[in-house]
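One protein chain, two forms: both are listed below as structure tokens, the first as structure 1 and the second as structure 2.
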Structure 1
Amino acid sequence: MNDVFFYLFGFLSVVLALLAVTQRNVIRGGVFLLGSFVSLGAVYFASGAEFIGIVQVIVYGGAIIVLYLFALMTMDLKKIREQPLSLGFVSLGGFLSGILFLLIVYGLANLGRVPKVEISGARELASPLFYKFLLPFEVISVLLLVATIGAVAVGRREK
């Protein structure tokens, strides 16, 4: 039963992601991206990682897409649409997504089955994070703090 949902939501997630990048209207694209992220959360659910699935919906579905849409709504979309595409950007994007595609194919070749997750709750996730991987965890949090302060500093200077 779970396998059916795994493939169903996986398929849905891919289809919605495709819709997201092919939409002419950026806001609609954002909404499809939201759908893609939420169905990715459902994929985690179907493979037994309840906690990660919910966090996926909160962080990506809630916070990040709201920020995307918020930023997009403040821009003048008509002006952006009229700008010509530059070949450099298109080829760079194509190159990067080609690498990503190869990575995914490589990963799939090694996997080829529905993963079974042992880590399902917050407790199981927290104990390795705060004992085994405490140092990397703290380093990342300092890095994020630096990025936040940096963003504030850059934003202030422009005023």
Structure 2
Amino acid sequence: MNDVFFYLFGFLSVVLALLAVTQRNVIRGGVFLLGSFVSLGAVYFASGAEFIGIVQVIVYGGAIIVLYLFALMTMDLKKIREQPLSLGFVSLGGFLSGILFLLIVYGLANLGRVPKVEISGARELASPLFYKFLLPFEVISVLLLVATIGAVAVGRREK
């Protein structure tokens, strides 16, 4: 039964992601992206990785989408639409799309040969994080705190 949900939510996630990148309205695209992230979280649940599924829904479905929509609402989209496309950006986008296409083809070709990976839960993730990699974890925590305080300070600066 989990395999059915895995493939159902995987297909739904891909369809919603395609709708997200093909929408002309960026807000609608963000909502489709939210649906894709939540479906991806359901894929993690179906494969037995509940902790990663919860983190996927909370971090990507909540925080990243809110940040994305907030950033889009503060931008002047009419001005961006009027700017001509740069040949360099189009070439870079085409190059990256080609690499992504090759990775997808490679993944589909090796679909049956992928070994079964044991996805761990919260205990297996937390143990190395808080014992083996405690110092890098704390350094990154302080760095993120400093970045957050800096962003608030820059945002509150009077013009």
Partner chain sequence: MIDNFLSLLFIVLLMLVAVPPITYLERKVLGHMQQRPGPMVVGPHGILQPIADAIKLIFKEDVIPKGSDKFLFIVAPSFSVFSALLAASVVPIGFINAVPMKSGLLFVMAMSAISIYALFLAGYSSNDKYSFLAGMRAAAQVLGYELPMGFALMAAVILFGSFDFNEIVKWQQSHGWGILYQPIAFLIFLVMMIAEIGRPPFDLPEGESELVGGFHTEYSGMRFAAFFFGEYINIIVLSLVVSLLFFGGWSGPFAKEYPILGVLYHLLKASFFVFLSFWLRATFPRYRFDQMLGIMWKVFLPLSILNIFIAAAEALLVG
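Just so you know, these numbers come straight off a predicted model, no measurement behind them. For clarity, a rigid core is taken as the largest C-alpha set superposing within 1.5 Å between two forms. Throughout, residue numbering runs from 1 along the sequence of structure 1.
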* Asked: Is the form predicted alone structure 1 or structure 2?
  -> 2
* **Core-aligned CA displacement of Phe11 at least 2 Å between structure 1 and structure 2** => no
* To do: Verify the C-alpha shift of Leu96 between structure 1 and structure 2: is it 2 Å or more after superposing the core?
  => no
* Structure fact -> Core-superposed CA shift of Tyr131 between structure 1 and structure 2, in Å, is 3.9
